[in-house]
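Below sits a lone chain in structure tokens, taken as the form predicted alone.
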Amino acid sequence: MSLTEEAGRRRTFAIISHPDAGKTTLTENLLLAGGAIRAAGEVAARGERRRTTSDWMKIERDRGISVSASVMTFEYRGNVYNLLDTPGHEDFSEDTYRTLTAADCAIMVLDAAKGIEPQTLKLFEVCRLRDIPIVTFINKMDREALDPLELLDQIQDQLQLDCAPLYWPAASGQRFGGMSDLRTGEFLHYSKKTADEGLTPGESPRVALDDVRDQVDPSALEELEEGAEMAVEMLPEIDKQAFLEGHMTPVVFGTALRHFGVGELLSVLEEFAPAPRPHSCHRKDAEHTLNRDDKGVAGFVFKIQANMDPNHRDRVAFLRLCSGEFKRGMRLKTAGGKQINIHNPLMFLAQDREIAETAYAGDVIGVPNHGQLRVGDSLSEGGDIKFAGIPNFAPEILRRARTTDPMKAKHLRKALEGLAEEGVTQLFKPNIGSDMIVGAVGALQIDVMAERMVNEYGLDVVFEEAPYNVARWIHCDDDAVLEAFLDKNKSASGTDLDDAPVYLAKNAWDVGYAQEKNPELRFTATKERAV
């Protein structure tokens, strides 16, 4: 195939949801429908029966939540799908934000009984900032659910998205009988089965409704016929251009746990999901648009993951390719001129991996490195391309980190720096003293850090109350003014992992007062790392 054809068959999408909406179950069953695994949680790789899911960290398996984004690649009907699974918990929203920068579209998973939930709303706003088109999957229809029109009204009212349902359900809960394809009139019959009774992946059988009337609750059929008629009359038909512009969402109903609707969702992606979209960047200090079939290889790092293989203390950069044909052994350069030789690029299925010989725009490859790459770095053949950096957000929780064994202080610093490079948390060094201050968005991040310190680094770490509660980055156009401020406020300032100056305050009032007294300075809650 030509470069244009190969890039054109890539589909890179993320899955977003509130915790417990069924995102991880849907992820596994999309992989199952796509033929990447033989059973939910089981990867078919080199003939071995390996157990894994997109939740591969120990803490994820123990707590039943996703705390780290993961990448899974599979082929389906001639297209190559790069599935980016994101953490649902709000304490890991920064990891989700970074992952969404690499996605061309997203699947929004809603719990049919709960509708739009707070974290769904937050993640949607991130998608809206980037104009990411969204496909909606309303999950758990085999449980009692809200009225379908009420669910679509929530999407319309709270997300300002036009809803174009492609299917309409026959009731929910115990009476759930399946759904009707609004475009063809065919009926997809649902019958509850367990895994032992032969759940099969892929699209559900389509039948004429009259052929299964005696197998579906009469009241469910009445709701289906009335609801489907209203949907056709009141709701818009799918408009692909409106979807690609982020104004309209196609809607599929189903139950991921029972595989119902999953094959149809994959077919919707096949029909509507965009091929890799153009990316804005700077080239030779001028604005430039990079297209997927441009010949030069270029991409950006949106995630760093350490210790995916604890036996080797590895460190892998997740590189989203935006153009060109990547070949194993290529040498790419950062925008700062640093050369990276990529001898063993990786393709992923959660933490399982294989060597990638070639890759194209839309693909995500892993670049093993020893700390040379950071989140936000741009890589290209000439080193003359710089993508907009991925911002850091000011932490909401600050904690002083110390190890119970004082002899391991150096080991602790190295471990904290490694996790900060991943973007799991942030690390600040006050200008006075030897404290290491860890910043996190939420308390669960601190718990994850503590467990990872034990499991991956063999360190027993205590996270204590810090003398600071607020961190803000300090910017000034005049270096002398900035230096004078830092010298005068040594006890309330420090640096982050990139040695950028940070104001460490007891509360927001202190920040406001410092800003009022120093109008030439800017105290910001976000920082875009120079790359």
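Start at 1 and count along the sequence shown; that's the residue number. Note that this is a predicted model, so its numbers are computed, not measured.
Below: the form predicted in complex with guanosine-5',3'-tetraphosphate, not depicted.
Shown alone, this chain has one stretch from 170-178, 264-272, 390-398, 132-140 that lies within 4.5 Å of guanosine-5',3'-tetraphosphate in the predicted complex by heavy atoms: 132-140.
A residue is said to contact a partner when one of its heavy atoms sits within 4.5 Å of a partner heavy atom; residue 23 meets this definition for guanosine-5',3'-tetraphosphate in the predicted complex. Interface residue remark: residue 19 is counted as part of the site for guanosine-5',3'-tetraphosphate in the predicted complex, having a heavy atom within 4.5 Å. Proximity of residue 256 to guanosine-5',3'-tetraphosphate in the predicted complex: non-hydrogen atoms within 4.5 Å are present.
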